[in-house]
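Next up: a single chain in structure tokens, the form predicted on its own.
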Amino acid sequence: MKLREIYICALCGARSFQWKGQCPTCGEWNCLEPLQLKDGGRKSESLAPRAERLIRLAEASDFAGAVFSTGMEAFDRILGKGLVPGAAILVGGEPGIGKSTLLLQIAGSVAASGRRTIYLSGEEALSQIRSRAERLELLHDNLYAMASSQVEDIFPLIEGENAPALLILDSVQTLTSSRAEGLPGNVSQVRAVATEVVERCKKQHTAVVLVGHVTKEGHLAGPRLLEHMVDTVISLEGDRQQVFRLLRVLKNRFGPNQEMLIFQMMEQGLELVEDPSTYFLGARDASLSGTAVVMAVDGQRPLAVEIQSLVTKSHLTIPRRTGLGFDVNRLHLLLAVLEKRLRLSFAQADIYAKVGGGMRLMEPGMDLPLVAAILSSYYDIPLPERAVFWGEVDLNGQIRPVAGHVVREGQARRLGYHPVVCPAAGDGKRGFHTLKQMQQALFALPTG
């Protein structure tokens, strides 16, 4: 039978009969992947879900009361109330970040509650899964496991009266379907595997968790269709050299969006940090210059994080500018503002800045604490011990308000921070309008 090669976009799934550097549909570059199809690309079966019979919406089944717990109260809260029968959840993260450990913990908790749970792995042998489960003390009679790379092997086990309450697929990029061509992980295989599994689990009212790989840019690998067809998208982030992990909810049809949990990687698995408000401060010494505390908001949760800076004399022709934990272009922009608006010179200084605790911040509210840390190191004057900062700095040296002001201020007061250095309120009675005002107030510089 004649084979025909076409090209499929790894992001949007668009097809092209010729390779192109740019996808004609979504406009992304270098994302077309080759795929060989039989009969000119025609398939005998459609990968799209079949339509159910037409019924009145009021007659549709309601499983709101059948929601069951994952065994982690905080995880239930970010999902809505827990696992909804028939719901599809996509969990993404870098290799080795702890996805399999977290999901095995959830599988063990669900099995211990008396519900049948199946863990399908396309990456590990059963002996490896058992070894991890023994270490985490999760073995239970209701917890089953299978090691296979063929998605069809699981179908007989999730049908009929023995359908599990929870199915975990680790991972969707390692499984193949006979209804699609190509190697595991390509666009067609990922689409076929996810479509078949989600369709069957919804019919059996089985909650399914799909584990997904991420690209080097940190985005979920595979077609964008994968994110649209699931109910919840969760990202597990962090540095493998650090003990903490950030679990973010990027999409949720059953509960709050943009929520976040913080876990610690311990010997007995991932352990939830109950109060992460000051977790990233560590053993901070406020008597040293060049450090400032920002009250950041990640999702809906306020966090106190340390910003560190070091300004030192440079012996290089081109001084160094280094930033860790944030976009280094932000550092370049703020240094230009300081030189222009405060008439400072950094031409002969190396400047290093980082976010403490291995955290990564991208919000505009860290502009003001970053400037405060730089000025503190530049003058070698420590900031007030319990001072906390947030605010955006524009190119004119003005301090602008940022989202979540009330949440940040309430958390700062609760933790006992004072003074609170933030953008001025509408009445002008507190806060600062410009960097010049903050400079004079914190470092007691003459007004002239």
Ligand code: TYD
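From 1 onward, residues are counted along the sequence shown. Just so it is clear, the model here is predicted, and its values are computed rather than measured.
The following text describes the form predicted together with the named molecule, which does not appear among the structures shown.
Checked against the named molecule in the predicted bound form, the candidates 282, 156, 114, 95 yield a single residue with a heavy atom inside 4.5 Å, and that residue is 95. Screening 127, 329, 345, 268 for any heavy atom within 4.5 Å of the named molecule in the predicted bound form leaves a single hit, 268. Under a 4.5 angstroms non-hydrogen atom cutoff, the named molecule in the predicted bound form lacks residue 360 among its neighbouring residues.
Contact check for residue 136: a heavy atom falls within 4.5 Å of the named molecule in the predicted bound form. Mapping the unseen interface onto this chain, residue 100 counts among the residues with a heavy atom inside 4.5 Å of the named molecule in the predicted bound form. Looking at residue 140, you'd find every heavy atom of it more than 4.5 angstroms from the named molecule in the predicted bound form. With the named molecule left out of view, the stretch that reaches within 4.5 Å of it through heavy atoms in the predicted bound form is, among 258-266, 321-329, 293-301, 369-377, 258-266.
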